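Only one chain comes next, encoded as structure tokens, the form predicted on its own.
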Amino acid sequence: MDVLSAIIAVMLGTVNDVLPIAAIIFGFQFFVLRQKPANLQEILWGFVWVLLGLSLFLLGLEWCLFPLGRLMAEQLTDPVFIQGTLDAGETVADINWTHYYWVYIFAFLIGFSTTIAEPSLIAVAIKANEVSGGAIGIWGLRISVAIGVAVGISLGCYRIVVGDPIHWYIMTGYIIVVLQTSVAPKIIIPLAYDSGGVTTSTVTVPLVAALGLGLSETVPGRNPLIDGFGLIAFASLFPILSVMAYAQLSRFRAKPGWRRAENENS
């Protein structure tokens, strides 16, 4: 009964969230465009499946992904576990950022794997491959974005451990983005900027957010509100750098598709 009541409560909340979207869409369709969709029945069934899918997804976040991310962060930063990484002769007082290397490794791997599985990134990569005539490889784009997210989340975890202000990292990152934009192939720049947004979606955000909160709660001297958030910003910034680097590497290797695509767009 507890499970059933939780599902009903989440579904009612989802209905309240989706109804304004449905009202806007159907309002424009019937009162502005004054046309009835030919596949109205399919659209209505689609909304039903959206409501059901969102409800189950939200339950999955609450019962699985958020607790899992926080649990992993707590275990990897547990003082007993950290003490096991100390070398002979070192004491608890000698613990510093280098002893949290398992946190950085976990952050890198979870960032890479969740991004590779991100449905929105897969869709963007397929379309980018189509419109570029094959110059932008599907797997090349997915892997470059995943590497950017992995590096960004690892660096974000390092920032939480050492307690540095987040704005210095973000400002430095965007300065590099601006400089890299001036030398990157023109056909990749808009896609690179969009790549940061497609990574912050259904799979990546829950685990990354939970990881940041769990890390800030267990590392001594950190505030979850100040230090726990911000990993998503790193996950959005670094894919821009990695995708432009992927394009520059592809152009350096003189891939014919890049030359042709650049000539067509010049």
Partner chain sequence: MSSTLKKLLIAMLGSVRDLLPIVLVIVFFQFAVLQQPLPNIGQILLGVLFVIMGLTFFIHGLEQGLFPIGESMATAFARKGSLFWLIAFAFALGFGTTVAEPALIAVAEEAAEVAANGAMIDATEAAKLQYADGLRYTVALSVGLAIVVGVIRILKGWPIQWFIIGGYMLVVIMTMFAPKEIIGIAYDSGGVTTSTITVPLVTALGVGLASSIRGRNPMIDGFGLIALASLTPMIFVMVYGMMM
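Computed from a predicted model, the values in this text were never measured in an experiment. Numbering follows the first chain given and starts at 1.
Beyond the structure shown, there is the form predicted together with its partner chain, which is absent from this document and is the topic of what follows.
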item	value
Contact label in the predicted complex: Ser154 to its partner chain, heavy atom within 4.5 Å	no
Proximity of Asp164 to its partner chain in the predicted complex, heavy atoms at 4.5 Å	no
Its partner chain contact at Leu249 in the predicted complex, heavy atom, 4.5 Å	no
4.5 Å heavy atom contact, Tyr158 to its partner chain in the predicted complex	no
Stretch 128-165: residues contacting its partner chain in the predicted complex, 4.5 Å heavy atom cut-off	Ala128, Glu130, Val131, Ser132, Ile136, Trp139, Arg142
Distance trend in the predicted complex - C-alpha atoms of Pro67 and Ile160, change of 3 Å or more	farther
Cα distance between Gly69 and Ile166, which in the predicted complex differs by 3 Å or more from this form, closer or farther	farther
